[in-house]
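Read the single chain below, which is given as structure tokens and is the form predicted alone.
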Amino acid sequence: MADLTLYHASPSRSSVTLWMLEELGQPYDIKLLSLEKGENRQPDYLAINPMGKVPALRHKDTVVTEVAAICTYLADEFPHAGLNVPIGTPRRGVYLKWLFFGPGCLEPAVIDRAAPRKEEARRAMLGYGDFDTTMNVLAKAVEKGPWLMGEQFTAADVVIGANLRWGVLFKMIPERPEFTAYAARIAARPAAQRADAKDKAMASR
């Protein structure tokens, strides 16, 4: 039994964590849940994550939920993988910004665009401001390449890259050349390909 267990539904947001685990190269177990059957709402899983969401990650006696938090935790817990920017390093502030830009700005901007409100919300009410600004800031960050932190691939690329790749695929993010080039670099990573293959195999069960 591995020290790491991923509570996973395939495919879902927890696919991001599956990819992160493949990047780490550490042994892990998967506890597969069916969202259609409501297994994520059963008492045994609610004891792990009261929100009834996936993913959740158990590392020995520690349980972490929320994709960006899990990726941050894993990168710091297993620094040999080179996926973090260590505490005390000046670049860590930028690294943390991108880790939380995913759930804080990118994802809500895309979802709001896909499922608009009856009345448009005032810009000041939205944590991300507006869709176009969010896209422009992200495009400027990824156009330099190859990764958000320059030559170093980090957990921030897992969080941002998964969201961007998914958004471009489903036409929810503009197919700007900066985005398609970054998504192609993400898709070419062996760990991302392994995670995709595992997800497809689990989804077909």
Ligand SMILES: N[C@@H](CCC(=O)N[C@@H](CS)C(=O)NCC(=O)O)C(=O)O
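As the structure is a computational prediction, the values presented were derived from the model and not from experiment. Position 1 is the first residue in the sequence shown; the rest follow in order.
There is another form of this protein, the form predicted in complex with the ligand, and it is not shown here; the text below is about that form.
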**Report entry** the ligand in the predicted bound form: contacting segment from 46-54, 176-184, 142-150, 23-31, heavy atom within 4.5 Å
**Finding:** 46-54
Requested in this report: Decide whether residue 13 counts as a contact residue for the ligand in the predicted bound form under a heavy atom distance cut-off of 4.5 Å.
Outcome: yes
Requested in this report: Using the partner position in the predicted bound form, report whether residue 160 sits within 4.5 Å of the ligand, counting heavy atoms only.
Outcome: no
Report task. Look up in the predicted bound form whether residue 67 has a non-hydrogen atom within 4.5 angstroms of the ligand, and give yes or no. Result -> yes
Query raised in the report: Taking 4.5 angstroms as the cut-off for heavy atoms, does residue 40 touch the ligand in the predicted bound form?
Result: yes
Report task. Tell me, out of 172, 137, 63, 35, which residue has a non-hydrogen atom within 4.5 angstroms of the ligand in the predicted bound form. Result -> 35
